[in-house]
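Only one chain is shown below, in structure tokens, and it's the form predicted alone.
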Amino acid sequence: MKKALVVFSGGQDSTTCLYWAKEKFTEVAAVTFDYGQRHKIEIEQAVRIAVDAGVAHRIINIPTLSELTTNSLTRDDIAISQEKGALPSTFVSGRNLIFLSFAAIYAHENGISDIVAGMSQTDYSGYPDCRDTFIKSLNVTLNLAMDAQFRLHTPLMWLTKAETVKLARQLGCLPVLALTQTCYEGKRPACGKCPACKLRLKGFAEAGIDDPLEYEINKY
């Protein structure tokens, strides 16, 4: 396998996938989407990490996504929350569908068939577009839509957060995770209180590995 495109947010999972791809492919490129996210600092961190990793990096603007949806990731006047039995307020309708479709178009135009993304349905927030069935279904659709032979890789799909942390250590990118942006509030140091921070801290704790990211709170 020679060339791959990574859907890259600048977060913990996509950074791990970036380094996974660097081991599996001879050439790796990354694409980051600016969709009006409240934690827009993740784009800045994605740029820094891509430079550090030595991969070509493209930022694509999708401003209409925030205009079409109502959620706490694209509107800072909505609290980040999750009620029992409901999707989290951070769920952005169609986000992964749009991201992967746009990534596939970009990949197709650049002669790339392998696309890597960090979706996981093991330790996740209940997003329906992180499920393996969605990825497999979209893979078929993209191939039919563009008469192509895309391969969607989701190396974290069946890993817990703790296992993802251990994979990062195995790949040698654990120090790079200090640059990643996980906090939904867009804070650096990270708030340590939002659902994304809590899930990340839980994963590092269960892995028995120190999180290199700085937090506003005592992470221990």
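Everything numeric in this text was worked out from a predicted model, so none of it was measured. In case it trips you up, residue 1 is the first one in the sequence shown, and so on.
Another form, the form predicted in complex with a further copy of the same chain, is not on view; read the next lines as being about it.
Comment: a further copy of the same chain is not present in this chain, but in the model of the complex one of P63, P189, G54, G172 has a heavy atom within 4.5 Å of it, namely P63. When a further copy of the same chain is considered in the model of the complex, E44 lies well away from it, no heavy atom lying within 4.5 Å. For the chain shown alone, S101 is a contact residue for a further copy of the same chain in the model of the complex, at least one non-hydrogen atom being within 4.5 angstroms. Not displayed here, a further copy of the same chain is kept clear of G111 by more than 4.5 Å at the level of heavy atoms in the model of the complex.
Among heavy atoms of T122, none comes within 4.5 Å of a further copy of the same chain in the model of the complex. No residue of the trio T32, W158 and L199 has any heavy atom within 4.5 Å of a further copy of the same chain in the model of the complex. Contact residues in stretch 130-158 (any heavy atom within 4.5 Å of a further copy of the same chain, taken in the model of the complex) are R131, T133, F134, S137, L138, V140, T141, L142, L144, A145, M146, D147.
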